[in-house]
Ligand code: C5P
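We begin with a single chain expressed as structure tokens, specifically the form predicted on its own.
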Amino acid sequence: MAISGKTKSITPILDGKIGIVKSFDTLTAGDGAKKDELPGKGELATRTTCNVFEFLQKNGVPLAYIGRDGPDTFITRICNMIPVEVVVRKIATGSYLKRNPEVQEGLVFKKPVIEFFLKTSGRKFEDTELPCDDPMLRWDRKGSVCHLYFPDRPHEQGHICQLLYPLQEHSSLKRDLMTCERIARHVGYLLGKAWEKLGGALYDFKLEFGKLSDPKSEKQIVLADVLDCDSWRVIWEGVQLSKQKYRDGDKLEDVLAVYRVAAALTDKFPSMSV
């Protein structure tokens, strides 16, 4: 039975070890408050994701991705997903400025900033009620304390609580996050160089990770989910190749054009050397 989200579904096959990921033509913004159907978007998003994953695979990034399937589907290994979204920021913009109002927009970070956000649904994580969805997660790297913060407020004003998912009881979580950070930095380097070669600038992007359940993998952490225009901010020849045009209320044909350009440009990724 397929498991469906807002913009894609995954159908398990082969005893649930492998899955078919299908991208929909659905576009959403504001946690689903805004929603439209954009014929062709699913195929373009899948094409972009496959291009990017094949480029990363060639450069040694561990992936759940196996290969292309149909125009709007690809094959993946089934993972136990880590309930955290990892954001890599190379240039200051977006919500980062709300949390750090002293930083000027457009600042190029000497070293990419890595941020973690707890994935929630309906303002809940497991049985814990929270005042917002997807709060920022920060932890003491020398200890085992983990805290949540509002994602749209300065840190000193945005503390919510200590995460009721104590690292002492889930000792692997801290280690998992450190592994995710290491992989994310490598992905940031590779994608930054690839877009640079095409005349673009990568501002930021988000990743999701999972653990392979195959005993031979020793619970290896891999990059999973998708990586397309809904995942990044890229500026190419003055055009933002993300779904920001949709958030800004542009015409749907102009939004689809962004997905077309991104797919055409990333067609060059699999054969690219960095």
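The first residue of the shown sequence is 1; numbering continues from there. Being a predicted model, the structure only gives us computed values, none of them experimental.
From this point on, the text means the form predicted together with this ligand, which you will not see here.
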query	finding
Check all three, 17, 54 and 211, heavy atom within 4.5 Å of this ligand in the predicted bound form	no
Answer option from 179, 93, 172, 100, heavy atom within 4.5 Å of this ligand in the predicted bound form	93
Selected contact from 130, 190, 82, 87, since only one has a non-hydrogen atom within 4.5 angstroms of this ligand in the predicted bound form	87
Answer range among 223-231, 60-68, 33-41, 46-54 for contact with this ligand, defined in the predicted bound form as heavy atoms within 4.5 Å	223-231
This ligand contact in the predicted bound form: residue 206, any heavy atom under 4.5 Å	yes
Residues within stretch 244-274 having a non-hydrogen atom within 4.5 Å of this ligand in the predicted bound form	247
